[in-house]
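Okay, so we've got the same protein chain twice, two forms, each given alone as structure tokens, structure 1 and structure 2.
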Structure 1
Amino acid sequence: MTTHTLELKNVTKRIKGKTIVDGLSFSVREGEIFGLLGPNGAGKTTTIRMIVGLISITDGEVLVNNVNVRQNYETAMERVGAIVENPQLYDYMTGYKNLMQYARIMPDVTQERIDEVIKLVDLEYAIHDKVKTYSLGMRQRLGVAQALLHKPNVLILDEPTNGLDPQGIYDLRNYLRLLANNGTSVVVSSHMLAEMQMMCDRVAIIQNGKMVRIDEITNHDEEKDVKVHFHIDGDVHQAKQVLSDGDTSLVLEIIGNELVVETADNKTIADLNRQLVLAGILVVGIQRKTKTLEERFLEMTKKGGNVNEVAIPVNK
């Protein structure tokens, strides 16, 4: 049985009559990296603020380790570490003293742990400098350090790679994976698709405060998202005609000299190929392509009707 460390049930936020987060539900499993993906203004940060109790929840429930955030805030927050938007630190103190601020008030943070975390985010060289001398990336690192201090089992990072250099992003990704392997649930938000694809196990796509869908990040999972490209030597339009005559429900598209079919399992691929061959069409290559998360994301969040089309099956 999978354990859920963070659960949102129909969480809604309304500010002055405007619904910013609308009936959002999802559960994060123990040891998974869960992504919140959405365009600017989708409501990612608002959702995170509700989870950590910075703003009130208009409707719905948030459970952290099965504790209701609204009813039992102190217990719920004990094993949560978070960065909400940019980590804001005390400029007039050193990085170390900033960390000490949080180390002091969180349970069971030892001196070894503090040193360990500093080393982890690679800030040893500057930890005794005033934070006002830090670069954006250094602040982000310190922010990550404070979120990790008390070994949270729910780690929530809002745009954690913001300001990090490639090495920093790479290190963070590896470290988050390590944490997840050891049972920590990690929630990251971002509008950077490629990054989410590399980092997360599952991604929730959010738009206008609503859940569009939740995707497992694997190579080729859902049939819907697999496209088969038939390389045709000859008349592509004729090939398209052949297939649509055979099955009118097929979604077909022509790109250059490729006929792209949205489908389907191996059996249909073989079948389609046979139809083409029988019609005397030269198929010089067949390729399966999974839609990248980026393609899916753009497709789903682009303005216009098909957002809702995609959203409907998820909500059923």
Structure 2
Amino acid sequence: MTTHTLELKNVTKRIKGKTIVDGLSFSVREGEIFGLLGPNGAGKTTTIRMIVGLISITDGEVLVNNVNVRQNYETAMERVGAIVENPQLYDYMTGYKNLMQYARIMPDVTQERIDEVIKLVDLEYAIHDKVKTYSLGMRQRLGVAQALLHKPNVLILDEPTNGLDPQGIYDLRNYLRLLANNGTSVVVSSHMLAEMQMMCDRVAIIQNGKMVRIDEITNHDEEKDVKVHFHIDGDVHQAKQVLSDGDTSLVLEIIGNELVVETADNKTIADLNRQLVLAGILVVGIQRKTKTLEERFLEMTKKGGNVNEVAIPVNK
């Protein structure tokens, strides 16, 4: 049975008559990395602020470990760790003293736990340096350590890769996967498509405060999401004609010296290759590719779709 650590049920936020978040519903499974994807202004940070109680919920319910945030806030937050926008740190203190300061307001945080999270985020070499000397990536890791001190089973990070260099992003991604593998549910928000594809198990695409779709990242072997690239040494147009004559229902596309076929069936791929070889066409490579999150995102939000599906910028 699937355990959900976080559930949003028709959550809405209105400010001065303007709807910022509109009837948002989703649930987060135990031990998964769940992404909130959308452009700046889509409602991601507002949603996170409602989840952790920084702003009120106009309508709907947020449940954390089956506890209603509006009805029993303190209990609901007992096992939640969060960084909203930027980690709040004391620059004049060392990283270690920052963690000690935070540990004083949390119940049952032991010395061993502090050392454990320092090791987890790989800050042992700099933990006794003042935070004002830290790079942005080091500050982000210290913020994650702070959020993990009380052993939350739900970790929420708002735009955690902002400003990080490639090494910092890679390290953060590995830390989050380690946490998820050990049962922590991780919620991250971002407008960076490529990073969300590499980081998340599922992504909720949000636009204008509304849910467009929840997309599975790790399970895209459905026929509609797979294309096979035949690398042709010779006349690729002839190769297309051969396959078209064999099956007029095939969706074929030419990209350079590649013939691209929409299919996911391994038997079909082998049969198409056989047809080409028997026709005297040299196939030097076959690549089976799933659509990227970017391709699916643009399909879902392209102009001409439904009321919520319009082109939006994703690189602000």
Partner chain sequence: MKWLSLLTNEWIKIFSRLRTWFFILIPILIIIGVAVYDKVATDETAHENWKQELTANIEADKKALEDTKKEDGDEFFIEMLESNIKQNEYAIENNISPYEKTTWQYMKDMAPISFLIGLFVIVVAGDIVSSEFSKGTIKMLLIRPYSRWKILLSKLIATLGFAFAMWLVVIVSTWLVGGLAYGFGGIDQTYIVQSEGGQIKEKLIVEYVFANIGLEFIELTVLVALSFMISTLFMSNSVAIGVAMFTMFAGDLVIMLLQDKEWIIYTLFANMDLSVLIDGQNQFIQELTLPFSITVLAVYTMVMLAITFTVFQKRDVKA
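Every value quoted in this text rests on a predicted model; they were computed, and no experiment measured them. Just so we're on the same page, residue numbers count up from 1 along structure 1's sequence. Between two forms, the rigid core is defined as the largest C-alpha subset superposing within 1.5 Å.
Visitor: Looking at both copies of this chain, which one is the form predicted on its own?
Guide: Only structure 2 matches the form predicted on its own.
Visitor: Please state whether I281 has a C-alpha shift of 2 Å or more between the two structures, with the rigid core used for the fit.
Guide: Moves: yes, 2 Å or greater.
Visitor: Does R139 move its CA by 2 angstroms or more between the two structures when the core is aligned?
Guide: R139: C-alpha displaced by 2 Å or more between the two structures.
Visitor: Would you tell me if R79 moves between the two structures by 2 Å or more at its C-alpha, with the rigid core held superposed?
Guide: No; R79 is a residue whose C-alpha shifts by less than 2 Å between the two structures when the cores are overlaid.
Visitor: E124: how far does its C-alpha move between the two structures, core aligned, in angstrom?
Guide: With the cores aligned, its C-alpha sits 3.6 Å away.
Visitor: Cα of L243: shift between the two structures in Å, core-fitted?
Guide: Superposing on the rigid core gives a C-alpha shift of 11.6 Å for L243.
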